[in-house]
Ligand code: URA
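A lone chain, given as structure tokens: the form predicted on its own.
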Amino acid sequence: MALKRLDKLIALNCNVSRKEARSLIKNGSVTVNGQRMLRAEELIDTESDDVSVEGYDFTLKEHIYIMLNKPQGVISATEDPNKKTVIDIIPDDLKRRSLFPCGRLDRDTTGLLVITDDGALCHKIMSPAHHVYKTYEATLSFAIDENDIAKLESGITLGDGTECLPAIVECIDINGFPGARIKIREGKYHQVKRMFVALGNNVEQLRRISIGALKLDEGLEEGECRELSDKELELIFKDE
């Protein structure tokens, strides 16, 4: 990993501003390899240097990756003056100032959402060019048939003329109601719902269960989250 400025790392890992990070350094609250550091511009090797900050449970990481089981009624945004966002429900011990949701789930859609501060990883996940499939379970008004599946898997055209890439679709039962498991590698506005509307159907409930081969941790209740491991991050770019 490349060398990073000390004040930037303190700001990221302590969830403080760069100005506050520089104050912590100036006040002698920061040690590197057991020695107090007073220069904010000091370069730190995040793989070998041992950094400590008095008053903080400090773990040195360049980026953080969080799996959230998104609940209904929460919007996929960093901030909103009137609505609760997915960032609002992240616990303080995982929060950073630069966190954002990687992609979006509709307000009433639940399930797997990755929260991070790594823009490069987010772009890689969301870009259709990287072929990262997102898998959803949709509870429907009516059961789909083989003709419906064929339309979705050949690349359905939405009501406004938007053409979708081919999906992978399976008819399933969801708690006694008609449903479908659908895999897409795009993220158009309300895409899954609009795909079924184009068939003359409606999505009653929608839940994302996986991104690539990374599956939602069924041990997480809606609204709960946890940090992802390096091995789990690798699963995002593998097929189920």
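Note that the structure is a prediction, hence the values are computed from the model and not measured. One rule holds for the numbers: they count along the sequence shown, beginning at 1.
Below, we refer to the form predicted together with this ligand, which is not included among the displayed structures.
Asks: Only one of 162 to 170, 106 to 114, 82 to 90, 120 to 128 gets a heavy atom within 4.5 Å of this ligand in the predicted complex; which is it?
Replies: Contact criterion met by 106 to 114 only.
Asks: May I ask you to check whether Gln191 falls inside a 4.5 Å heavy atom distance of this ligand in the predicted complex?
Replies: Yes, contact at 4.5 Å.
Asks: Within a 4.5 Å heavy atom cut-off, is Leu206 in contact with this ligand in the predicted complex?
Replies: Contact with this ligand, yes.
Asks: So, Phe100 and this ligand: in the predicted complex, are they within 4.5 Å at any heavy atom pair?
Replies: Outside the cut-off, so no.
Asks: Suppose contact means any heavy atom within 4.5 Å; which members of 122 to 141 contact this ligand in the predicted complex?
Replies: Result: Tyr136 alone.
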